[in-house]
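In the form predicted on its own, a lone chain appears below as structure tokens.
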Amino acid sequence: MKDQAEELRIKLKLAEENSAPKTIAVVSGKGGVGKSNLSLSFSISLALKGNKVLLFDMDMGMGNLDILMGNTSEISIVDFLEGSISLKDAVMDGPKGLKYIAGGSGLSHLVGLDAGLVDKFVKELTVIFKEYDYVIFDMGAGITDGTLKFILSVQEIVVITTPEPTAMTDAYAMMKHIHLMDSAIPFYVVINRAQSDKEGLQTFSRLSKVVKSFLDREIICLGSVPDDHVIQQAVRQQIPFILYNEKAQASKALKGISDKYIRRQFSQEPISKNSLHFVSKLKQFLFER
């Protein structure tokens, strides 16, 4: 009962602060760190708590969220870009009330759209956004001029890395690139495939010290997800791991991360200085020539 009251209080607070949904970009400096897997199960975890969640596959040419859910989407954002459907028609049903938009190679053309299609995209996005509490963009690994426009438009960024030195180096490079464009946008970090809670904390501590030393800013630790064989089993079965085995260590860790995020249980709350909503910022970036 107490948890339900707390959830209601948080949702009312969010509604009062901002009628638009919370927008989140999930990024990684390199591929193969489990970003899409975590994006999907994180989104489902939010939906299971009664939130209306839209997951947008922004991996240009390599979108695979529908495959991870065991779906083969016949409709994707590419169909909208080609003018055959409305953006709302591209929204598909995922598990546990989750909604998603499948990605495709046509996403790379978003940057060079003519003004008419950009305006149409922004207007339809504005209408869709009114239906959700959270809109999560699962970005492709690395960064391009096109994806950067979306990343800089969101309210918060979740960075996925692993304890591997190369993954940490690439994660820092990603944050540095974004920081140089927007020094106020908040960074949250999830350490994936940690061998223990201790390794997860140590990995975050090393990354945090580097960011503080060279960028003079704080990053927020959301938590770590253990290197759990259940995740590989879930991928083979094409079932999100949080649903494949809710008692698995990875699932429990992911639920803890989503709880921490929703309840804003951080030692300090980073606040972006840009008051513009996502759609307004994105429109500015897309109309830049």
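Residue numbers run from 1 along the displayed sequence. Every value quoted in this text rests on a predicted model; they were computed, and no experiment measured them.
Just so it is clear, the following notes concern the form predicted in complex with a small molecule, a form of the same protein that is not shown.
Taking the partner from elsewhere, residue 66 is found to have every heavy atom lying beyond 4.5 Å of the small molecule in the model of the complex.
At the 4.5 Å threshold, heavy atoms of residue 256 stay clear of the small molecule in the model of the complex, well away from it. Mapping the unseen interface onto this chain, residue 41 falls outside it, with no heavy atom inside 4.5 Å of the small molecule in the model of the complex. By the criterion of a heavy atom within 4.5 Å, residue 243 is excluded from the residues contacting the small molecule in the model of the complex. Annotation: in the model of the complex, residues 148, 279 and 283 none come within 4.5 Å of the small molecule through any heavy atom. The contact with the small molecule in the model of the complex, taken as any heavy atom within 4.5 Å, belongs to 235 out of 48, 235, 221, 248. Stretch 188-196 is the contacting one of 124-132, 188-196, 85-93, 149-157, since its residues have non-hydrogen atoms within 4.5 Å of the small molecule in the model of the complex.
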